[in-house]
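Here's a solo chain for you in structure tokens, the form predicted on its own.
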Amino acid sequence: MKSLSVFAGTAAWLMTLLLIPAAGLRAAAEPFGETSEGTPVSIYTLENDNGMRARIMTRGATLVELHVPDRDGELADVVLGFDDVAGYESERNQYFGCTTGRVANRIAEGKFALGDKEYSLAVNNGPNHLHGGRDRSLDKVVWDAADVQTDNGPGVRFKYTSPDGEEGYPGELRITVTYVLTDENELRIAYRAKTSASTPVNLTNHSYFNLSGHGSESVLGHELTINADHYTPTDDALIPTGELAPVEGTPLDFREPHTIGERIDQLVDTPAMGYDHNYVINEPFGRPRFCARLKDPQSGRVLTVRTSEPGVQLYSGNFLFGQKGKDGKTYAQRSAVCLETQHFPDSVNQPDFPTVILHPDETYRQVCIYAFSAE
């Protein structure tokens, strides 16, 4: 079985992405308030030569804003978020833009075994563990950060050390997440982690996209393509059965472009309440390859996603409830879509899925690229 952690090609590619110093624009940092516990939070602004701009804060290594040009060159912020830390600490926040983990997605009943030891995690999604836990998951902690420069553009590097036992996970986990904004209008996110003891790791970015601009009424008119012949069916608690099923003949088939709303009614009365499904991306994982393409016909904006991960979770914002976000805008149900590149849900309990276990002699590496264009 292919390990998640050691890919020589990916490691070499990461060196070119992150470690080559260069002159040019730097990430600008400024205060973004503080947490309810009084911890200061900073936000970093990345801007390229085309005027595209990303803002990422230290709480949760979270993408707060992403301003992207349309076919006429007009910028709009295309991700959901809040104007202050209090918004991100409130019940209005549904993992907007954050770095998610230690293990993204669901773990059945919050339990897994390593060797002869069973571990129990917080149950925070019905009967299951979701997105790393309840109190100290990666989206809720404040990361250390510093600007970096690369040949590809300005960046910011976030670091956090999760102590042994945090949220029930074994091992001290040292995590680095680096965002780089290129002049090709790519936002590149590179992840790296080391552990002191064998532990599951599955990280992702949980941005919600509406290419018409955040707060737009619906995302159902966006056209979506996903490079996947198969998906992982789930039970009523959205835990995979272990099967890899073909998308052909189902409303999950996005191998050719379809609008998100075209067939969603066939899924509304299912446990997912719409799209909330993991796709098995075609082609071997380990190096970035084409994952998905999202197009907004209204503005002409196009998002192309590439990833080194084996899967992507399509989520159609089924639980958005009209909460107020940035600029006082309302986030209606299905007004944004997530494309979460990751290993498969509950992989730690599914021996036939690619492993998410990281060992002390290995390095976890993965890359996600959000590339924007207009037509």
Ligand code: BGC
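Bear in mind that the values here come from a model prediction, so they are computed numbers and not experimental data. Start at 1 with the first residue shown and count on from there.
One more form of this protein exists, namely the form predicted together with beta-D-glucopyranose (BGC); it is left out here, but the text below deals with it.
Student: I need to confirm a contact call. Of 276, 167, 186, 172, which residue comes within 4.5 Å of beta-D-glucopyranose (BGC) in the predicted complex, counting heavy atoms only?
Tutor: Looking at 276, 167, 186, 172 one by one, just 276 meets the 4.5 Å heavy-atom criterion.
Student: Answer with one of 216, 94, 149, 182: the residue that has a non-hydrogen atom within 4.5 Å of beta-D-glucopyranose (BGC) in the predicted complex.
Tutor: Only one listed residue qualifies here, and that residue is 94.
Student: From the candidate stretches 200 to 208, 258 to 266, 216 to 224, 294 to 302, select the single one in contact with beta-D-glucopyranose (BGC) in the predicted complex, where contact means a heavy atom within 4.5 Å.
Tutor: It is the stretch 200 to 208.
Student: Does residue 131 reach beta-D-glucopyranose (BGC) in the predicted complex if we count a contact as any heavy atom within 4.5 Å?
Tutor: Residue 131: contacts beta-D-glucopyranose (BGC) in the predicted complex.
Student: Can you check whether residue 319 is within 4.5 Å of beta-D-glucopyranose (BGC) in the predicted complex, heavy atom basis?
Tutor: Yes - in the predicted complex, heavy atoms of residue 319 and beta-D-glucopyranose (BGC) come within 4.5 Å of each other.
Student: Taking 4.5 angstroms as the cut-off for heavy atoms, does residue 340 touch beta-D-glucopyranose (BGC) in the predicted complex?
Tutor: Residue-level check for residue 340: yes, a contact with beta-D-glucopyranose (BGC).
Student: Using 4.5 Å between non-hydrogen atoms, is residue 315 touching beta-D-glucopyranose (BGC) in the predicted complex?
Tutor: Residue 315: yes, in contact with beta-D-glucopyranose (BGC) in the predicted complex.
Student: Using a 4.5 Å heavy atom cutoff, which residues in 221 to 243 contact beta-D-glucopyranose (BGC) in the predicted complex? It's fine if the answer is none.
Tutor: Heavy-atom contacts to beta-D-glucopyranose (BGC) in the predicted complex: only 238.
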